[in-house]
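Single chain ahead, by itself, as structure tokens, in the form predicted on its own.
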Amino acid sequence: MKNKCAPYLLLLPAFLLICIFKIYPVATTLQQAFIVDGHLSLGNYQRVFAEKTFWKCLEVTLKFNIVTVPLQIVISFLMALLVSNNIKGAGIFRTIYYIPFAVSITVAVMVWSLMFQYNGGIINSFLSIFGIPAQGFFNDKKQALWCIVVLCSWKGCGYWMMFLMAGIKNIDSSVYEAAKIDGASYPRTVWSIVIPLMKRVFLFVCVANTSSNMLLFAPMQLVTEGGPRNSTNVLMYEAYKSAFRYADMARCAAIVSVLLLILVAISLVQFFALGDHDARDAKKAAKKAARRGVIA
């Protein structure tokens, strides 16, 4: 009996912390979103959906994530492939790639802000060498969001690289040997073996990366404050302003609950897209593909 209860007792502290710091805040937020003058109502949602600001923030949030999430995953995967080889000096590059994540978000934002300055910024100084006129970057409505994409990708890719690298290292070396014997090229090995066998790792990275970027607002707050002309004003930053600038907790709760609903929907799509195959089946499929001797 003691042995059966032991795992649950060990998990109990973590479960209580999750309930206190995760589930309870979400439940409280949902409660505030549905309460108007002490009564259950959809008035907060009706008010939010009637605002042009909300729809603009939603557009910016989706645009930011549609670009940032795939970009970070692709770059992180390429970095993971580079540092997964057992060659001399690979550990040094792993450290170099991971350093940006260890830098504080505030410090990273300030450094990139100085680099992207219109007057005297290092990037505009470099562009001037080639006769390219100075760019507005964070001050330009058309460029500000993409500058934040670059900043976030620089900071986040090293972190996601570590998970993908662990997935690559976990693949049985015999699978690589079978592909090599059959004459499969390195790109074909990556496409037919590495990627299928890493579906679960990709699923985790996709869901975690999406969650992180959907709730991100620190760079927007520190550099652009949602501007210029709301071009970087994401939903999470709008919710933050509602709560701490305008003291409108009901509006904040409604925005956050909508954001959480969107996040859950996206996560479910990712689960259906990447989580429907067992790792054993993927391994069999990869071995089969390798033994076909498809040479690229």
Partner chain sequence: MKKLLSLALVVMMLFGAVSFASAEKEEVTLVIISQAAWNDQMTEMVDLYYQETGVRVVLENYSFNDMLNTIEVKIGTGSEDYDILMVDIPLVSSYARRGMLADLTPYFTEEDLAMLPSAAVTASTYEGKLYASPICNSSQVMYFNTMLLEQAGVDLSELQNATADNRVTWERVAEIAENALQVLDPDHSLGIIGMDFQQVDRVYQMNQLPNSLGGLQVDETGFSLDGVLNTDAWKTALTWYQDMVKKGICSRGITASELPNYFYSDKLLFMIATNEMPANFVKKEMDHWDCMPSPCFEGYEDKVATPTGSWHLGVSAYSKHEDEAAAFVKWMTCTEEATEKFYELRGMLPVYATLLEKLAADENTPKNMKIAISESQNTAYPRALTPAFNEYSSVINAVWSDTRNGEDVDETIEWAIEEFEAQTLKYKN
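Please read these numbers as outputs of a predicted model, since none were measured by experiment. Residue numbers count along the first chain shown, from 1.
Just so it is clear, the following notes concern the form predicted together with the partner chain, a form of the same protein that is not shown.
A residue is said to contact a partner when one of its heavy atoms sits within 4.5 Å of a partner heavy atom; Y45 fails this definition for the partner chain in the model of the complex, lying far away. The partner chain is not shown here, but in the model of the complex it comes within 4.5 Å of a heavy atom of G136.
At a distance threshold of 4.5 angstroms between non-hydrogen atoms, S153 is out of contact with the partner chain in the model of the complex.
The partner chain is not drawn, but in the model of the complex it has no heavy atom within 4.5 Å of H39. Contact check for R229, Y240 and F244: all three have a heavy atom within 4.5 Å of the partner chain in the model of the complex.
Here the chain stands alone, but in the model of the complex its contact with the partner chain, taken as any heavy atom within 4.5 Å, falls in 221-229 among 188-196, 221-229, 174-182, 67-75. Contacts with the partner chain in the model of the complex, taken as any heavy atom within 4.5 Å, map within 104-136 to Q117, Y118, N119, G136.
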